[in-house]
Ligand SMILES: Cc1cc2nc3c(=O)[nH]c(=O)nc-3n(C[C@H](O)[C@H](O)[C@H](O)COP(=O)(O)OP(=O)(O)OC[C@H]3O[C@@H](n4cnc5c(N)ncnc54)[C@H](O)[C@@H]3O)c2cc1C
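As a starting point, one isolated chain is supplied in structure tokens, in the form predicted on its own.
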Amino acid sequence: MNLRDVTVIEHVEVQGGYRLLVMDAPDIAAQVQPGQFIHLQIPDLRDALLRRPFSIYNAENNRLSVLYKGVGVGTRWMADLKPGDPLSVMGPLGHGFPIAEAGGYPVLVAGGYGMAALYIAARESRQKGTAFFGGASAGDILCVPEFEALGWEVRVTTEDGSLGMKGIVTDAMDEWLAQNRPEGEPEYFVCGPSGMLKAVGERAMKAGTKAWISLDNNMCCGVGACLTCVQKIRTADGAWEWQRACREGPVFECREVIWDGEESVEHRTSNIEHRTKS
């Protein structure tokens, strides 16, 4: 983990309130793995003392990029950042996506701006597959040309039908699976709201395939100390333990995750206690 002072290089609105923030951050950019995140400090904002987590969209040529939307006090304040402004960034953090298995067929599934966390995974994948992007409306669908330029087929779903297929992203995925026989077993890489993560995971488990899901748990410290982001995770011995989305995650294989309200084994391990001291 690195704590570094970085400099804003570029900060532009992409569409619909979504913004791209590009920073000069060579020490961090050189270490980034697909699906990791950074914790960014909002300077001079007394009402936002805690850092904010952001999925890393891209990291190359000493540059670090994030895509975000102004939805709260901190992110709305960030809209005023301009080239040359200094920022304090902690990262890269967390365990991200693995590289797709050889011989399989990678499938990306993103809800909202979850596609931002999947770009590096798409770029690093040895095989190109199909990407499903879902959002409320056309303004929520980002980065389609960028993913297509990497060699991916992109299928879009919007809830209001303003772009692509009308419905939710799993509708498009289900239709595609019913009509296509991909070369190799599908392997899913998923980022978005929890309901979508669970839905894709359930489909993967039913089909006997893997789904790597990036949990959307709330985070405070970003380094595993506060335990705000803990999640029930199955263990190899049939028990379960609390693990931290910011430290052991945010990416887990879908079979590991025990969702709220889901029946699980009655006993658990207590590894979280010694993990917090690591």
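Everything quoted here is computed from the prediction, not taken from an experiment. Position 1 is the first residue in the sequence shown; the rest follow in order.
Here the subject shifts to the form predicted in complex with the named molecule, a form of this protein not shown in this document.
Q: From the list 119, 97, 113, 132, which entry has a heavy atom within 4.5 Å of the named molecule in the model of the complex?
A: Looking at the other structure, the residue within range turns out to be 113.
Q: The chain here is shown without the named molecule. Which stretch in 66-74, 232-240, 26-34, 205-213 comes within 4.5 angstroms of it in the model of the complex, by heavy atom distance?
A: Among the candidates, contact is made by 66-74.
Q: Can residue 252 be called a contact residue for the named molecule in the model of the complex at 4.5 Å between heavy atoms?
A: Flag for residue 252 set to no.
Q: Do residue 59 and the named molecule share at least one heavy atom pair within 4.5 Å in the model of the complex?
A: Heavy-atom contact with the named molecule at 4.5 Å: absent for residue 59.
Q: Spell out, yes or no, whether the shortest heavy atom distance between residue 217 and the named molecule in the model of the complex is within 4.5 Å.
A: Yes, residue 217 sits close enough to the named molecule in the model of the complex that at least one of its heavy atoms falls within 4.5 Å.
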